[in-house]
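Here we start with a single chain on its own, the form predicted on its own, put down as structure tokens.
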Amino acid sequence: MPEFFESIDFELATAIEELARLSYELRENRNAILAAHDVADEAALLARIEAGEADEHPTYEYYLAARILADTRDAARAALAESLQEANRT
């Protein structure tokens, strides 16, 4: 990995590192929420609420948090992809 960053300017390398770390943290926090409710994804968590298997409050707030974390991770990954494309052009 050190060779990858040798040809990239410091600001771009820092942005890539920060976006990668953010994406990782968003994934892990989402996974922690889903694991606490023993579900694989947000749809399963919502289905448990709708079926009456989980209390609406605060489970719905956890559902929303997991959705926000997933959406934010998607945005971070898109920004990371753009930064990597820019790095490959240099």
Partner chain sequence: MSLHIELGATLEQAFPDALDGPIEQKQDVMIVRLSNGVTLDVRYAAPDAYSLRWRHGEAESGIDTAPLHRGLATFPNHFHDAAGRVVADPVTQPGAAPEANLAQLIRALLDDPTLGSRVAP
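Positions refer to the first chain, counted from 1. Predicted model only: the values in this text are computed from it and were never measured.
The next section is about a form of this same protein that is not shown, the form predicted together with its partner chain.
> Which of E25, D9, E82, E17 has a heavy atom within 4.5 Å of its partner chain in the model of the complex?
None of the others qualify; the residue that does is E25.
> Though only this chain appears here, would L46 touch its partner chain in the model of the complex if you measure heavy atom gaps against 4.5 Å?
Contact check for L46: yes, within 4.5 Å of its partner chain in the model of the complex.
> Is N29 part of the interface with its partner chain in the model of the complex - any heavy atom within 4.5 Å?
It does: once its partner chain is placed as it appears in the model of the complex, N29 has a heavy atom within 4.5 Å of it.
> Would you check, heavy atoms only and a 4.5 Å threshold, whether E56 touches its partner chain in the model of the complex?
Close contact exists here: in the model of the complex, E56 approaches its partner chain to within 4.5 Å, heavy atoms only.
> Using the partner position in the model of the complex, report whether E50 sits within 4.5 Å of its partner chain, counting heavy atoms only.
Judged by the heavy-atom cut-off of 4.5 Å, E50 is in contact with its partner chain in the model of the complex.
> Pull the contact list for 50-73: residues with a heavy atom within 4.5 Å of its partner chain in the model of the complex, in sequence order.
Counting only heavy atoms within 4.5 Å of its partner chain in the model of the complex, the contacting residues of 50-73 are E50, E56, H57, Y60, E61, L64, A65, R67, I68, L69, D71, T72.
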